[in-house]
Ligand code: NDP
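Presented as structure tokens, the chain that follows is alone, the form predicted alone.
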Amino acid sequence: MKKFKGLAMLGFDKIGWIEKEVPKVGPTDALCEPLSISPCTSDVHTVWERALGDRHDLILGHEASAKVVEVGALVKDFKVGDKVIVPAITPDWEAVESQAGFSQHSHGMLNGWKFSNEKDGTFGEVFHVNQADGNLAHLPDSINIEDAVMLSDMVPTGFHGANNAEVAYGETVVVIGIGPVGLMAVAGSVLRGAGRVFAVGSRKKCQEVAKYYGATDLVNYKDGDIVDQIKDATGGKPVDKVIIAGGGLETFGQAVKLIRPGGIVSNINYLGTGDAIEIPRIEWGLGMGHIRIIGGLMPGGRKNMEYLAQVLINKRLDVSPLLTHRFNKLEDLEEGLLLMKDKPRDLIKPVITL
């Protein structure tokens, strides 16, 4: 194969199929052929909300399970034919930032996020993976390839929200936004021992799945201010943790109005538009409320994928309710991506199995 085709961002508001030269594989790298792929709202932000700036002929996508078709001479743990989980974030592990514990930002802010940001992504007949031994994980036989693609981004991002919030036994947690990432934040909070979990979202399908994952209370932002609704439910008491997985810049103000002194607001939402976040001064304790606000890109790499695979293998988590729309041809990617853009009410996540 000298050339391959992929679904690309042609420019702002434009996608289309293009051909490119097959990437060269360096000594520590791998070339992979997708087995399952899934469009993400992040792709929507990139193309239609101009979140990353202009990109021309950049192949989209960052979620995949795959088969290895070529490895570099120095790759030790993977060979041609291996089935693998491919994380959405593939850092440079020798970077100083990685050594400091922030591999997501290796060599600069968000630079661990390479697919469909710095280089072509997974929406093609083949794709390149840097530092294969550190950024691929073997796909266990007991995990089907549809479920495996949820380990690329949705599960680790949602769980990262719960981890950054330091959710503890018995705590009351609010998850704002219950698309697939928010649903995994609900599941992650429950696994960490949350006592009460408010799930904020308007789509009935997402509410049903939030209940399945352990949400105790459902809040529809279309029914009024979510702060008022949640405080009515708690008798005016603040909550321990808030995880932001959707909404706009206004959600930070709502989160601070809900949180107790010493609480944590954990953001995993990709803020695709807007200029500044406003924090309410009084509710923030005049700046002295010991309220922590943290935003974090999910950790990538092999270890995280291997640990999350154990969660599925041992049936601590069932990701199948996330997969609402199924396709079986590479060409179906375009329809799947437009579904993520338009978000019909019965959608959570499309998956293309090849």
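Since this is a predicted model, take the numbers as computed values, not measurements. Just count from 1 along the sequence shown to find any residue number.
The same protein also has a form predicted in complex with the ligand, omitted here; what follows describes it.
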Worksheet entry | Stretch in contact in the predicted complex with the ligand, which is absent here, among 118 to 126, 279 to 287, 154 to 162, 132 to 140 (heavy atoms within 4.5 Å) | 154 to 162
Discussion item. In the predicted complex, is there a heavy atom of the ligand that lies within 4.5 Å of any heavy atom of Ser106, even though the partner is absent here?
Written reply: no
Discussion item. When the contact criterion is heavy atoms within 4.5 Å, does Arg192 count as touching the ligand in the predicted complex?
Written reply: no
Discussion item. Taking the ligand as it sits in the predicted complex, is Tyr270 near enough to touch it, meaning that at least one heavy atom pair lies within 4.5 angstroms?
Written reply: yes
Discussion item. In the predicted complex, does Pro238 come within 4.5 Å of the ligand, counting heavy atoms only?
Written reply: no
Discussion item. Taking a heavy atom within 4.5 Å as contact, would all three of Lys2, Ile59 and Arg302 count as contacting the ligand in the predicted complex?
Written reply: no
Discussion item. Please identify the residue among Val25, Ile15, Met340, Leu330 with any heavy atom within 4.5 Å of the ligand in the predicted complex.
Written reply: Met340
Worksheet, complete the sentence: Answer key, the ligand contact in the predicted complex at 4.5 Å (heavy atoms) among Pro91, Gly188, Pro87, Gly201: the residue is Gly201
Discussion item. Using a 4.5 Å heavy atom cutoff, which residues in 172 to 195 contact the ligand in the predicted complex? It's fine if the answer is none.
Written reply: Ile176, Gly177, Ile178, Gly179, Pro180, Val181, Gly182
